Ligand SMILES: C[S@@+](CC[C@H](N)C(=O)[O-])C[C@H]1O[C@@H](n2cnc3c(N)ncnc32)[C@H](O)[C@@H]1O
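First, one chain by itself in C-alpha cells, the form predicted alone.
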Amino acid sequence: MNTTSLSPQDNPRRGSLACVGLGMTLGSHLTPLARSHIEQADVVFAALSDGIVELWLKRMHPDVRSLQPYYAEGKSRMKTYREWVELMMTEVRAGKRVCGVFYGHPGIFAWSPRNAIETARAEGFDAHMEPGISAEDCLYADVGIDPGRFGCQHFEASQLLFYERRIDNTGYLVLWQVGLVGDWSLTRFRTGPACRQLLVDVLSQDYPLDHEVIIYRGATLPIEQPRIRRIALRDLPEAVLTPEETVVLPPASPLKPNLAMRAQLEELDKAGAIV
C-alpha cells in the first residue's frame, strides 16, 4: 500500500518534521540537539548562507537537498518559500523524518520553517523547532550592545515605510533588511538609494542627520571577522548594503525620568506595599 495516501494516524511509519538553526558561523554554533535532529533524519533540506556551509552540512548526512535553487530573479520570494514548505511536507506525508536546516535561528526572518511546522501539526504530524544563534545574538556580542541598558527596538526596515510605527530614540533601533527597503514585490534582491533616502526621511524625524549609523554583518565562516561600518545617517542612501546587513542606530536622546511614577513607587515603598 502506498503510505502517501494514508492519514498520519493510520500510517505505520509516521513522518515528522524538525526545523533547526545552524547558527551564523560555520561549525561554531551548532548545538548537540540540532546535530542529533540532522543525523537522525531520513532527508535534510537546507537553506544556508554559503555554499561552503552547505558542503559542511553534507558531511553530516548523505541526503541533503539544497533549497537555494528555488530562488530566481523576478520570482516572488513568497512563492519560493511556499515551495520550500511543500517540498518538506511531501516527505513528511510520505512517512519520513524530515529536518529543515536554516542558517541563524529558524524562527527569525524565516517564513517557511514556521509555516511548515504549523502545517505539519495541523495535519497531525510531530513537528519541532530547535533554536539557533541568530544574527541578533551575534550583533549584541560583536557591536557591544546590551539591550537591557537602554532598551532595543527591532523593525524590518520596510515596515517604517509601509506603516506608521512609533520610534523610541532613547533606546537602540535595529533595522533589518535595509538593503531591500521599500520592495513591495518580494522579487528583488536589493533596492536603490532612492528607497533608502525615503527611509532616512522617516528616521530624520527622530534623529539628526549626523547621527551615527552602524552597518553590521556577522561572520559566517570561522576565517571571517564581523563587518562593522559607522557612517552618518545622511550618508545611508549612498552606502552599499547587502540584504544580510543590519543597521543599528544608537540612542539619540537620554532617558527621561518619570518623576510622577517614581513618587508613587516611593509612597508604596514607605507603606510597605511594594512587595
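When you see a residue number, it is the position in the sequence shown, counting from 1. Only a predicted model underlies this, so the values are computations on that prediction, with no experimental measurement involved.
In what follows, reference is made to the form predicted together with this ligand, a form of this protein that is not presented.
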item	value
Heavy atom within 4.5 Å of this ligand in the predicted bound form - residue from W56, Y216, Y207, Y70	Y216
Among the candidates Y140, F109, F150, F162, the residue which, in the predicted bound form, approaches this ligand to within 4.5 Å (heavy atoms)	F109
In the predicted bound form, segment of 114-122, 185-193, 162-170, 128-136 with a heavy atom within 4.5 Å of this ligand	128-136
Any non-hydrogen atom of M24 within 4.5 angstroms of this ligand in the predicted bound form	yes
4.5 Å heavy atom contact, G51 and this ligand in the predicted bound form	no
Exercise: T31 in contact with this ligand in the predicted bound form, heavy atom 4.5 Å	no
Interface membership of D42, this ligand in the predicted bound form, 4.5 Å heavy atom rule	no
Within 4.5 Å of this ligand in the predicted bound form: residues from 233-251 (heavy atom criterion)	P243, E244, E245, T246
